[in-house]
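Only one chain comes next, encoded as structure tokens, the form predicted alone.
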């Protein structure tokens, strides 16, 4: 009996202390503590100390705004839709110059859709394309050097179109990975496994492997129809290629990213058993950061407009949320192939704007430069501002469609 009374008294004391502690807790400090305070907090306050590198975005190395600049040196034939440049590769520096590879389309007409396409008329902006390259002294003005990867003869991989290349430097040689289309895009989706060519210099000449290096998934798997945007990095003395796939039925397609690794640039590549490893995003844009890898996750999916980080290079977590991220971002990544355990981050790269004229009749893309502060070696307060103020025209261009206006008109009529 005495033991029961003692236990009861102890419980009453503990509960009273807890209630008293809550009653006497002062308001949260006016100056946001840089370290997590030892006090009860809401889930939202807990999250800013546990989910992000810093409680305030301006101190988070994986947070940035993005600035854009027009590139000089590229001719788009009056923007009539017959010339398009898109999907740049990550940028490398070699012999004092910057190099970039990209999808180049030069056709008699703009894209006409899958039903009207021919061997000369493209179905899409990336149909009937080749991989070209350009060099630059400063990253703003570029000198186009011409074709790097030509379309091979039918039925070799990529005979219809070769697109979306990215570069790997490995043991003194250079490798370009790219999508190889076997039919016009839109005929049956985007059926394009990964092909590769190699050279002793980034200026070529490039020798095609003429084999699929990362195959589509087996029937019924998430990547059964396409392996898009191959993006190679070097980690743990292996080649890590991140890629995107579209899965699900239209119009509810889902876009996520997977990972395949190999000991040799020509494979065999082994897909990660945890694929997909990133659940959102439309392209692959990654760079070494500290011990792990960071990814720009733009467009599409529940975690779009985020920058994510995976210390183990597989399990990604949201590191920041931002806006106006680069479309098909292709950064300059100095430590992409050094197998670094101390990734420094990025400050600039190239991207593209699609449907430049906002007119389907002259549909084409242009390449642009983006700048940011996602680097541990840069401190640019302008890049760390919490918000961007857009001109009203930016919002008005996101106006209601004719179908939506008719629906609203009918709803108002029914309310009378």
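Numbering follows the first chain given and starts at 1. Since this is a predicted model, take the numbers as computed values, not measurements.
The same protein has a further form, the form predicted together with a small molecule, not shown here; the description that follows concerns it.
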property: Non-hydrogen atom within 4.5 angstroms of the small molecule in the predicted complex for each of 235, 271 and 313; result: no
property: Option from 227-235, 69-77, 206-214, 93-101 whose residues, in the predicted complex, bring a heavy atom within 4.5 Å of the small molecule; result: 227-235
property: Residue 344: touches the small molecule in the predicted complex, heavy atom cutoff 4.5 angstroms; result: no
property: Proximity of residue 85 to the small molecule in the predicted complex, heavy atoms at 4.5 Å; result: no
property: Contact of residue 285 with the small molecule in the predicted complex (heavy atom, 4.5 Å); result: no
property: The small molecule contact in the predicted complex: residue 369, any heavy atom under 4.5 Å; result: no
property: Residue among 126, 133, 337, 174 with a heavy atom within 4.5 Å of the small molecule in the predicted complex; result: 126
